[in-house]
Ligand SMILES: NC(=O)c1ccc[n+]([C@@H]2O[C@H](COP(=O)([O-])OP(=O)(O)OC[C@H]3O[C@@H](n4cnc5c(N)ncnc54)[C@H](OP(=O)(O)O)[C@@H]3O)[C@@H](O)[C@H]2O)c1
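Next up: a single chain in structure tokens, the form predicted alone.
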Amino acid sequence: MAKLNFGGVEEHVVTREEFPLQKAQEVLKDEVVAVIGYGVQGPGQALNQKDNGINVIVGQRKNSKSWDKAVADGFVPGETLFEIEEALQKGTIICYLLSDAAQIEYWSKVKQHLTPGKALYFSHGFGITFNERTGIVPPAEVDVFLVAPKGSGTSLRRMFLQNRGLNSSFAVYQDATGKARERVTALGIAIGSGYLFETDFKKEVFSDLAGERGTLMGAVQGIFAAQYDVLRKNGHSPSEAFNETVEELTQSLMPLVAENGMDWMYANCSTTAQRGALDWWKRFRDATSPLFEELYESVAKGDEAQRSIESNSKPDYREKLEVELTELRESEMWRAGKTVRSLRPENN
């Protein structure tokens, strides 16, 4: 494993140098990797493994949109695409990539096919960490582990096709065969990870739930909305408010952060922008820290998990979700965003 130093804190990670694809292929050469679910993570992980020479099959409900998508992506019914139960039977490694709510629904069927020596793979620690709520308790005779890409399945696939890698965490929950660590590392490389850093199931789900509700999605939308509204209330046009709130951040500044870090982005902005950012960032930190503490406590207590289970298990979940997404989509800020994006040179 490679050793990284984070300001005096050492961390061991797995890179593609010490665990190349050829080694992953050798480890997995006798496995049948069954990807169960073809929604958010399934397509990217299945296609990347397929392109990397892994024997991968997909399990999905027949006559569904996801089934049709798998066919369009090149998976062949009866050969590499099967109904869920048949894929479970054929697979030696079960990649359980259904939504958290669907994992609860299908668990009894999955468990029946977890015969000794098989492996159960997750990309999220939710079902195992909150098993008193989900009922997901694997039999003792199977390996249980996870690889969690730090991004969407769409990003995982897009970066793979660009010959890049999306970093992933990995964890071993149960090693029944003595080969769990080797199997999970091989899978992490096979799905196209940039590098792999170790965690455990609880830390993965706690950080993931906090991150999604925080800076990755919830907090950033809240901050966008607050700044946009203040600019509009003070007479700025929708175009000006959106460009100053979202477009400049996503199209200009974040690529600089991704390239070399926040200090480098600051150094490549005007001295006026530098001064303002340095004067204000700690005030935003201090203002939001109590909210992040409250969020993390809610995650750790299981409240966020319970809310997700209750909401996402309801039969009208998708209808209610669409109502909330429509509220976002139809807000002035994101209608302005749609117009601004359409005017980008690459779209004309």
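For every residue, the number given is its place in the sequence shown, counted from 1. Keep in mind that what you see is a predicted model, and the values were worked out from it rather than measured.
Not on display, but discussed next: the form predicted together with the ligand.
Figure note: of the listed segments 190-198, 91-99, 215-223, 242-250, the one touching the ligand in the model of the complex, with heavy atoms no more than 4.5 Å away, is 91-99.
Though the ligand is absent from this view, in the model of the complex it lies within 4.5 Å of a heavy atom of just one residue from Q174, T129, Q103, S207, which is Q103. For Q41, a non-hydrogen atom is located within 4.5 Å of the ligand in the model of the complex, even though that partner is not displayed. Taking the partner from elsewhere, Q306 is found to have every heavy atom lying beyond 4.5 Å of the ligand in the model of the complex. Not displayed here, the ligand is kept clear of K320 by more than 4.5 Å at the level of heavy atoms in the model of the complex. Contact annotation: K29 falls outside 4.5 Å of the ligand in the model of the complex, judged by heavy atom distances.
Using a 4.5 Å cut-off on any heavy atom, the residues of 126-165 that reach the ligand in the model of the complex are, in sequence order, P149, G151, S152, G153.
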